[in-house]
Each structure stands twice: as C-alpha cells, then as structure tokens.
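As structure tokens, one chain now follows by itself in the form predicted on its own.
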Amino acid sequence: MITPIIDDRTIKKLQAIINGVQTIAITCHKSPDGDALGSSLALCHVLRRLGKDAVVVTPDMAPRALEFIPGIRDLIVFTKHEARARKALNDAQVIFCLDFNSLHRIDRLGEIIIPLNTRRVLIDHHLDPEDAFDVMVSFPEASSTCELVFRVLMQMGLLRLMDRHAASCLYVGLLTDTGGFAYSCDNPEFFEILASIMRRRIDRVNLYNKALNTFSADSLRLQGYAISEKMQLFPEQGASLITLDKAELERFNYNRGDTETLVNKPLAIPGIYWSVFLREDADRIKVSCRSQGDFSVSDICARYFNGGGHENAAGGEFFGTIDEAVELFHQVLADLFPTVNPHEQSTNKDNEEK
C-alpha cells in the first residue's frame, strides 16, 4: 500500500485551485534533467486529459539525450520563444513550479513570475524551499519530483488519467534521479509506485536504454578522455575528482547532457565512496557530487558550493576559475581529513603507472 503522505488540507487546496481554473502553466529549473522534464510533462498531460489548457515553459533547452520523452516537442522554451513563454506565464491562472526550491533556479523566468499576481504551487524534493509559493508539496526524503507528482495524482484521485505517455514521463524521472534505481529509493513504496507506473504498459526496456545507455560518439569519447586523463583519486579520503574545462569540452563537441552520468563512474572503484565532477560552463563552474553509504555530499555542496541536494546525490556551482574550484575541493579534503595532504597522495593514470 502506498501511504498518503500529503496532508488532506494541502490536497483540498490543490483540488480547489485546479477545479477553479482553466489555464495552467508548469515550469521547472534551468538545464532541466529527466526528473524536471518527466514530472512537468506528466503533470501537463494529466491536466490536459482533465480538460485544462496546460503548457510547460522551460528556462532553456532540454538536453538532446532526453528528446525521446513523450511530449517534449510541446515545450515552450524561453531562450527560443521568449514572447510565447511570457504570454503563457502572463495568461496562466496558476503556475506549477516543479523540481526547484527557489525562483532564482529558473533563471529569467523568475523575473517574470515574481511580479505576477498569480498563485504558485510548488512540488519539489529539494531541501529548504523558499517562502514564495501559495501551496507547497515539499518532501526532501522523496526520491524525485516525479514520485511526488505521482503521489499528488494518487491522493487527488487522478491516477485514472495517467495513461502510457504520462507514465513514461514519470518512469524517466524516477529512473534518472535515482541513478537507475541505485540510490535515493530505499523506501519500499518507491517500488510500489514504480509497479503502478509499469502497469500502464510503458516500454520499460526502451526507455531505460534511451535514458541511461544511449550516447553519441562524441559523448563516449569525452567520457573516455575524462576518465583516462582527468580523473584523480584520493584513496585515503575515498574521493575522486574529475575536471573538464571549456577547451576540453569544445574539443569533443560537448552538448548539454553528454557528461550526465560521468560523476558516477569513479564510484565503481573499490575504496572510492564519493566523487566530484567540476565542469567549466560559460559563467560558472558546475559542481556535481555523488556518494555511497552514509557519506553526505549534500552537506559539502551546501557548505562549499552554493548548492545542496540529497545525501548521495547533490550539486552546486562555483563562481571563479576552474583552478580556483579545484583549490576549493582541496580545501574540502583538508577540512574533512585534516591529517592527510591531498596534494601528496592524489593519483591519476600517469602516477599509477609510475
């Protein structure tokens, strides 16, 4: 049995809002991943089957690797169609905010939404949501926002409208935000939710392969280069670091999403239980962290990298050079493991051969 974790008062508020409006906009965070897109598109699909005029507005483009998600071609992308995006948000009678905890995470869309006298509904699983929403469904212990969308639909009695397309969207989010069901899914109810989704006759194998096992040739070459030439190991701290700067990304014709699973790779090495990946973007260093067991990378991202997330999967950002970000990583090691000098004991492929 799947426990109804959302209180009845919140569910009644949601029902009243949805029943009282016709035009609905749904948005998600910048650089949307499988959970952001899956939850947004699934909710949009169900609302449309309910007879609502629902649209999904994203701050920027979805990664090419996720173009297989049902409904993704219907996205209104702000960076491509600014006028349409502004109109959709201005016309909306309610705005659903999915998979982000602060309006600054939706880039310029936040500047549009904040002045609007429009109700906002948050559905999210990140820590410490800001007080900017009229209704909040916030459960950091949940595996994903897709899980929370499923629970919202279940408690509102709308699962009857979740067909194969909506179920496929939710499956992609559950799959990608747990690393292929490897972390953040210890609650047995997660698999009951997964079973309910699979009963909608989704093409599970095809979705799994497209989400986790499909890469362009450039992406595979980039990941091979990163592991072979850029991976540093810190055995005494159980840590790994991979860095890629803009020149290296350009060399391999980088497209957003090409390094999506790279941070997980070092965790396959015995003795390595936390991994950090630093990628140089146009105006910042993107930080991705993964871990195993009870080692919390969320705390590291919150303290050092202006971010956060879950215990075993978190992220953040650093404003400075890639070298400065690396130095900060070394400071993290020094703070956590003060008796070990990371500069003396880090290893890469060349050091190992010597």
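The structure displayed is predicted, hence computed values, not measured ones. Counting begins at 1, following the sequence as shown.
What comes next is about the form predicted together with a small molecule, which is not displayed.
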Inset, instruction - Choose from 325-333, 42-50, 284-292, 56-64 the stretch whose residues reach within 4.5 Å of the small molecule in the predicted complex, heavy atoms counted. - result: 284-292
Legend entry - is_contact(Arg105, the small molecule) in the predicted complex, heavy atom dist at most 4.5 Å: yes
Inset, instruction - Report yes if any heavy atom of Gly307 sits within 4.5 Å of a heavy atom of the small molecule in the predicted complex; otherwise report no. - result: yes
Inset, instruction - Tell me, yes or no, whether Ala314 is in contact with the small molecule in the predicted complex, where a contact means a heavy atom of each within 4.5 Å. - result: yes
Inset, instruction - Evaluate Glu248 for contact with the small molecule in the predicted complex, applying a 4.5 angstroms cut-off between non-hydrogen atoms, and reply yes or no. - result: no
